[in-house]
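What follows is a single chain, given as structure tokens, in the form predicted alone.
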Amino acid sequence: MNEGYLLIDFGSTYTKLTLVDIKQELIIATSKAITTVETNIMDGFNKAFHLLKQKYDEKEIKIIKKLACSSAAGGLKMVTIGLVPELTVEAGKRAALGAGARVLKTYSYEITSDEINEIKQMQVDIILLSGGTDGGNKEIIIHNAEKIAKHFQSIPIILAGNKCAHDEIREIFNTHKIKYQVTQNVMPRLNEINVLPVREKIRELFMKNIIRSKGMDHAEDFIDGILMPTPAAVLKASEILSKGTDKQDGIGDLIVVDIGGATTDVHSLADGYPTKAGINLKGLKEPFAKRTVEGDLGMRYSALALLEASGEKMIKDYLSLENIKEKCSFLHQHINFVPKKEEDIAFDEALAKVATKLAINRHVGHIEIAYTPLGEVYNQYGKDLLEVNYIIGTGGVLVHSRNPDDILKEGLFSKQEPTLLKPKNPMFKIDKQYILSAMGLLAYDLPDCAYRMMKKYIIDKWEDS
């Protein structure tokens, strides 16, 4: 009897199950059912598991471990508080996004009473408090700690700021009985970000506290571990695929585009240094594994926001229609709508092209020209992704599209936007079986197995896609 891992994604809409044979490195079966976080999360899981068991012989494979990720109940919701918007605030935001969080808002400088009241309305899961380089300004982070301590006794706080302020902040938090974790400064030195310790603290809090607060503890008796938010699992899988493991070389720099109903997520796995001579790298250094989330670029819940972000003219570049606003309004109100008619399929694909274009535009770096007495100077801000090897697409509209390459091509470099450092000649691949989040889970236990399966099912199997 072969041994298998059951990999579970408690999604915001569907609970998706993937059973893999870890010896043969094969996907044995997949299934899904509507997520039932409003009642008992296990109701939807049990339906999906019942469907799964009809697809394989229990006498031939034994499930030895069950791992899960989750974006149910709104996912992991955070706010980040820092000092300077372009520095510690941005560094904290990147750390939170890389951990799979939805960053609802960021705050800078001394936080005000109005901003405290705004945070109270958001129902956040974690507050990330940063500010100041080590040895730098500590007055503002201490001020913000005092404000937080008076108003947020029940929300876990991660302290990732100027280490010289830690003693005072510990005293403040202990006095007010705040639940908090201390980790390394997210920006220990100017323009140097340190995201990995913060990401790990976020994941620990997610496992210990957030799962229970969302009613996910119903699953704990059955599942061996809910390891991370779903977006963090996708980023983990992407990183393994790009960099490889201790035993295997990766496939190189890549971008993952995940088009969903509420957001379009873009993950880039690349250093992003200038690829041309004479370019000066400016601004905050980018992490190798970077994730951005565009909450106004979704196919259903955010369809009206996508229309507002793009304008009707951009959508009409792909499809000539007069009732675009009405169609977007319908999709916003019917988030489970599945297009069957050709006109609805064409409209979905037009929206997907717009979402891809805008999301990658926002994710990649850009070139600015500065004029000096010595002539023009070219400065790069963000990542240069011109030479990325692969763009991998996932999400329903891409998986079910008859022409997914046409959608992903909207993320390519264009002479009409020459300052945007988008890929020039990547290969397109589609995660047709939604395995990225599952492989991110598997990678924690069996990274080599996860790498080979992604190579088999995403890169090699679909060479003609």
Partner chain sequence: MNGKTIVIGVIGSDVHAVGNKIIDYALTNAGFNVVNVGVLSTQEDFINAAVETNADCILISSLYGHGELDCQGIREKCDEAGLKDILLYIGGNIVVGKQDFKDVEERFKKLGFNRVYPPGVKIEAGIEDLKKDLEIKQ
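Positions refer to the first chain, counted from 1. Being a predicted model, the structure only gives us computed values, none of them experimental.
One more form of this protein, predicted in complex with its partner chain, exists but is not displayed; see below.
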(request) Given that the partner is absent here, state which listed stretch (176 to 184, 132 to 140, 198 to 206, 345 to 353) has heavy atoms within 4.5 Å of its partner chain in the predicted complex. (result) 132 to 140
(message) How about residue 257 - does it come within 4.5 Å of its partner chain in the predicted complex, if we only consider non-hydrogen atoms?
(response) no
(request) Indicate whether residue 377 is a 4.5 Å heavy atom neighbour of its partner chain in the predicted complex. (result) yes
(message) in the predicted complex, is there a heavy atom of its partner chain that lies within 4.5 Å of any heavy atom of residue 87, even though the partner is absent here?
(response) yes
(message) Quick check on residue 228: any heavy atom within 4.5 Å of its partner chain in the predicted complex?
(response) no
(message) If the cut-off is 4.5 angstroms on heavy atoms, which of these, 83, 331, 385, 165, is the one near its partner chain in the predicted complex?
(response) 83
(message) Please identify the residue among 106, 361, 280, 245 with any heavy atom within 4.5 Å of its partner chain in the predicted complex.
(response) 280
